[in-house]
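Let's start with one chain on its own, the form predicted alone, as structure tokens.
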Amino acid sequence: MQNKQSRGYVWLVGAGPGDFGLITLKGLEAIAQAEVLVYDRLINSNLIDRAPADCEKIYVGKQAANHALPQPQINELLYQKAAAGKRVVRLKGGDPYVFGRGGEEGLYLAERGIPFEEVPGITSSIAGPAYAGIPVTHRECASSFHVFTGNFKDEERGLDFANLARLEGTLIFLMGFANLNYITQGLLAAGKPADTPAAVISQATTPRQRTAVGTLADIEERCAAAKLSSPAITVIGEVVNCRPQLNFFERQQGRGVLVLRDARQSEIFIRKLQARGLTPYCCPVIEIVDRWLTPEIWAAIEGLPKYSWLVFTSPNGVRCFMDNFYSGGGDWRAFGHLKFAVIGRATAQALRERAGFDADFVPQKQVSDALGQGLAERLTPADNVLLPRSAIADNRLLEILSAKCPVTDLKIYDTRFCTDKEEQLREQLAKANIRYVPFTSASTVDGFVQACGGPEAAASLLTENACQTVAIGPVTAGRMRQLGLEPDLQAAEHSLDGVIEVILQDLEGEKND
């Protein structure tokens, strides 16, 4: 995506219907370079976290008659920020041009000479039914679908029900939960058969999704019995009958996994979870902040010729060190004499992808003691080790290696705790059907405890919501116990894959009981 830095620019970005994974890559790229983020209600919080740390974030959400900012003021806000030379992302649920008033915002900007582009999003009119097991078309029962707004002003509640009732395709009403009676009764009065299948999907594609299924005659009663709430999508037509066979999403409820990692580094874990039939929910409690060309980092880069081993304890260490090296104008030939040691497969892969080097030593167990002890056997007093790693890493590895030769402990990045996540954590654990809370590092343990307000509050929150905790390895498990959180499960292989495997084994064991 072209970086629009020389002048103000606006992206009208569709965030999709709620599931974080349903935003486009182009949408994520726009968010990543935003200087101002103007966002609506119901936007997945993980998308907001993807904006740069110094991005100005402005909430303008609308709910019924309660508008944080009226539409004319939103239009003007976008114009003023872009006119000041800012890169602005207007983040809207679904698709900006499907009942999202994105067209109004685009025209307002165009009339004032502000360059902009629309980044389409997946509309809830398609994704919501799909996540409920309802295809909006099916060759045997619906060759078309028709989308209507169900959000009417009192004086404008005018749908041509006579024409709607004659349509043979699927009828979809967005934002119409409060007007469900008006819609169903209007269709019935116009001659639509009372036994026409109908469904209402509440909180579509989110952890709180629930669906009521019935007919045009009784769907209101079914919604009341299920205690559904808005936002909701109403689907009317024979395609609703596909739900028993195609309802994949709601069957996964009870297989929810909370991802606590840095928001910008969660994708690989999310993809791995989804590939194994688990449902990820994100609430980052840590943030990785790189250190850039500090005097210590610059000295280490210039002094590479004196080192014999370069040791990495995480993919973050690889990424940050190599980025500093490139930014500082480093010469590839400086690595020619070095050997590389890494803590595990993921770090070895990062080294290969970032720098093109294969690791000379990878311990069988992916823990710092195994790395230290195995490498120490290969070191001599004549060696010199450079150890780029987190500023909060413990000193056990340093002690093991220093006993054999000189070691430079280089603080290459900081781990910050997101202490403002308590409300989000409580809401997700209470409503998202989250079953497992994996801790993939000791820092995620500290971040979770701090976000909850302390060890007792963290333990209580997990117990109240019947969550099972998972430790990626013994170091993380030890930190959990120090803070009063007993691990329910621990990965045999100390990796993300190992975490997923132990969760799947637990689910399989429960099924067999």
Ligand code: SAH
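Please read all numbers here as calculations on a predicted model, not as lab measurements. Numbering starts at 1 and follows the sequence shown.
The next section is about a form of this same protein that is not shown, the form predicted in complex with this ligand.
Annotated contacts: 98, 174 and 232 all touch this ligand in the predicted complex [non-hydrogen atom within 4.5 angstroms]. Comment: this ligand is not present in this chain, but in the predicted complex one of 285, 91, 201, 78 has a heavy atom within 4.5 Å of it, namely 201.
Residue in contact with this ligand in the predicted complex (any heavy atom within 4.5 Å), chosen from 324, 184, 123, 266: 123.
The partner is not drawn, yet in the predicted complex one stretch among 411-419, 132-140, 202-210, 80-88 has residues with heavy atoms inside 4.5 Å of this ligand: 202-210. For the chain shown alone, residue 461 is not a contact residue for this ligand in the predicted complex, no non-hydrogen atom being within 4.5 angstroms. This ligand is not shown here, but in the predicted complex it comes within 4.5 Å of a heavy atom of residue 42. The Cα-Cα distance between residue 128 and residue 269 is lengthened by 3 Å or more in the predicted complex relative to the form shown here.
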